[in-house]
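The form predicted on its own is given below as one chain in structure tokens.
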Amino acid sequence: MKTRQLNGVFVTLFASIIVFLFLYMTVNTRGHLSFAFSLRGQRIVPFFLVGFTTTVSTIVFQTMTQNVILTPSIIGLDALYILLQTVVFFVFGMNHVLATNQQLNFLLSLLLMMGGSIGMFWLFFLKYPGKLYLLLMTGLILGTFFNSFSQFLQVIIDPNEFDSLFSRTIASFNRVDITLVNTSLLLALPALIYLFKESRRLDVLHLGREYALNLGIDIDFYYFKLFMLISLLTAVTTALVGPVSFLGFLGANIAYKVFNTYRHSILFLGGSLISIVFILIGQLLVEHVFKLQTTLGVIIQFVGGLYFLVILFKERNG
């Protein structure tokens, strides 16, 4: 893509964000503009944070696996988060401190997801170095097991507690605890900055394992480091707003089509802006069309699932 076209696309994306952000802050304020600003303004930082973390982690993950239909959720972090919430509600109940204290729940979720990732990655990189797809397959199997066990517990859980549990395991910005945003920024920003700085090495990694090795990249250690950063970003996002795996998938794959490049510096920024536009549009629909009768996670899963099927059919026909 030529520089003038590239600049035009970025200007369009920034303008779209400004327009939808203005609409989100001002629609249906009913004369209480200051109250609406104070309430809705708290969600702006999470919008941008989640847009960047999900998209950047997905693009890096797809570069590592050389597959544009995979997302970090395949390693089972989303399923592990849902299992944790289910076990807490099933064993302790909805009134236990682990369920009511957002900060404690956030830290516990983050530690469990990062601990699981570190344990799995350490095992595979120590015993089976270079076996990336063996790691992914194990993550997929564990994720399926976690989901099945969670569903089993949810069937026999108290119906009142299930309602609270369901709202906890579906991605939503309406229940974001603002006190957790600073912690999330503190954890996620260094990882995002590092990955942006690594854009050129990621461009080399996109060429393939052999090319990267010949150009002096220690693949196994570099993969381990990238997996840790992907796990951190995914864990922070999931613990903050819930599972949003398809959001990064949408932003990344649309960015591939729009920018027609594999320069990661462009894809990171462009894909993240696309994801933020999706978040703003989705939140407008949730609050002003569906009247909070659904969540952003449901909309993202629906749209992302349809787009995933479209890509699968195109790959099959190709």
Partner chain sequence: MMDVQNVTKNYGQTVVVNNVSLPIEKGKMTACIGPNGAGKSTLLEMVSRLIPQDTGHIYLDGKEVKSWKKGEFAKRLSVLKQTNQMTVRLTVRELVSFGRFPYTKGRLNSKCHEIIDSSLSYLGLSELQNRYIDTLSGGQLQRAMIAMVLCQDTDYILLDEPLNNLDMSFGVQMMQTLRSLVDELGKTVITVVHDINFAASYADNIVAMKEGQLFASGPVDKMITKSVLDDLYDMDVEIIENKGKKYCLYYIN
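Residue numbers count along the first chain shown, from 1. On a predicted model such as this, the values are computed, not experimentally measured, just so you know.
Here the subject shifts to the form predicted together with its partner chain, a form of this protein not shown in this document.
Residues Arg43, Val88 and Gln103 are none of them found to lie within 4.5 Å of its partner chain in the predicted complex, as judged by heavy atom distances. Put simply, Arg175 is far from its partner chain in the predicted complex: not one heavy atom of it is within 4.5 Å. Not displayed here, its partner chain is approached by Ile217 to within 4.5 Å at the level of heavy atoms in the predicted complex. Under a 4.5 angstroms non-hydrogen atom cutoff, its partner chain in the predicted complex lacks Arg168 among its neighbouring residues.
When contacts are judged by a 4.5 Å heavy atom cut-off, Tyr262 counts as touching its partner chain in the predicted complex. Across the options 90 to 98, 184 to 192, 207 to 215, 151 to 159, residues that bring heavy atoms within 4.5 Å of its partner chain in the predicted complex belong to 207 to 215. Heavy atoms closer than or equal to 4.5 Å to its partner chain in the predicted complex belong, across 179 to 204, to the residues Arg200, Arg201, Asp203, Val204, ordered by sequence position.
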